[in-house]
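Listed next as structure tokens is one chain, alone, in the form predicted on its own.
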Amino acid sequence: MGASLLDQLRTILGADGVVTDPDVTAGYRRDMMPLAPHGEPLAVVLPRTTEQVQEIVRACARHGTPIVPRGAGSGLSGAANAVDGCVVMVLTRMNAILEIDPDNRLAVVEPGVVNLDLRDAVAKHCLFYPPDPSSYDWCTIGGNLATNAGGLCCVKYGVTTDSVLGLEVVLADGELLRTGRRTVKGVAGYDLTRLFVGSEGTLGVITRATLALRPLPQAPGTLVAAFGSTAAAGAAVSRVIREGIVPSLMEIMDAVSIAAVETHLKTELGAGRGCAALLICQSDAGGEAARRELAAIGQACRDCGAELAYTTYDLAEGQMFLTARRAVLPALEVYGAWMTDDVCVPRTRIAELIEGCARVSEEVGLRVAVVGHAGDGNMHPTIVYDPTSPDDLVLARRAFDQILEIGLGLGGTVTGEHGIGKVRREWLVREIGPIGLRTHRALKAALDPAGLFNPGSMFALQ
């Protein structure tokens, strides 16, 4: 059966579109989440067209072979991890920006387009594609769609689904479904676009997306506030939200993150002065509006006990602070391997989550750094461990789960933007309950009755 399917795949794609060398396919077995299980694929296929995707799906259906769609592999939940005997469908060769329509402020793209490449392309038309995951310089739009990725600008601009107008999706029978529209409004039928965004490749293969664009924002001003306690930083976030201020970015870093970045970048962000937390805020409102916005944020921070509240309109200086924020994960690599969690809590409870992570760190004896999107409560506690130590891996898994437990206990969710994948399946059940799980399974069964699309991701089939 396997050889016959491989022959069919080579007929569809040509020899260079089908990879079976184990030394090469090993690089496509898993994403960036070390806790998630993965298997050995039968083959890795690299289609270039929607028609090829359709033919691959039909061939795999005839042979009962699972398909795992994959982008660049930047995911952090195991959602793109191979299962034994599957075909991993890598969509990075479908990387065309098919259309940019400045008048209607939209773009039509294939799934393999890199997020940053799209942002750069539309900027030439004075337009802006808002979703900006930390891996935006190499993650793909298809992966962003599959996981409903977020990023630093979510507080003002929302997550990926908020920028999606329509999709083309190859279904389990190989047929092509078109969802959504090119208009600003449209409520005809069920919102199938939002159903597929965030479905992690379990319902179909996205081959094209129509994306909403915004006018290019003004150059941002940046505010950095240092706090002697996480409670004070949390109070400042609550105060900013309560006053109705909506910055384009509001990030938080705890003391562990600050110290790691200072060492990594050889700069000083405040940890040397006993800083327990940093808030980094930006406003892209422009001109006097930005100045008023940042002044109000600065006053809220000082009222809540900030030891420093510094504002700059120098673009290079502002970029330096954002570089520090984005450098947290690379900075932690000096201490060992890392795995990052993705807990979203009510914004009034951010400080409690950070304090809970500190307790977990002390209990398990592993370093836990917390960084995240304070503007929407989406935190990324990151556990550092020795990958050569089986004991450390067990402790890291324990810490990972304890942090999810804390997040749920604070009224939060077990994932704000990374997705369930194969690493949080049991936690999805706990969060949505048996009726929610039954509804998920019913949708899966309706769209993928043979269960061949990314089996084992999100939840186990019955």
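Model, not experiment: these values are computed from the prediction. Residue numbers here begin at 1 and follow the sequence given.
The protein also exists as the form predicted together with another copy of the chain; that form is not presented, and the subsequent description refers to it.
The candidate spot formed by 147, 190 and 202 lies fully in contact with another copy of the chain in the predicted complex, as each residue has a heavy atom within 4.5 Å of it. Between another copy of the chain and the residues 211, 139, 324, 159, the one pair within 4.5 Å by heavy atoms in the predicted complex involves 159. With the partner omitted here, the residue from 249, 240, 278, 261 that has a non-hydrogen atom within 4.5 angstroms of another copy of the chain in the predicted complex is 240. Residue contact with another copy of the chain in the predicted complex: residue 198 places a heavy atom within 4.5 Å of it.
In the predicted complex, residue 10 stays away from another copy of the chain, with no heavy atom inside 4.5 Å. Contact annotation: residue 402 falls outside 4.5 Å of another copy of the chain in the predicted complex, judged by heavy atom distances.
In the predicted complex, residue 411 approaches another copy of the chain with a heavy atom inside 4.5 Å. Considering another copy of the chain in the predicted complex, the lone stretch of 65-73, 28-36, 391-399, 420-428 in range is 420-428 [heavy atom distance within 4.5 Å]. Within 4.5 angstroms of another copy of the chain in the predicted complex, the stretch 322-361 places a non-hydrogen atom from each of 344, 345, 346, 347, 348, taken in sequence order.
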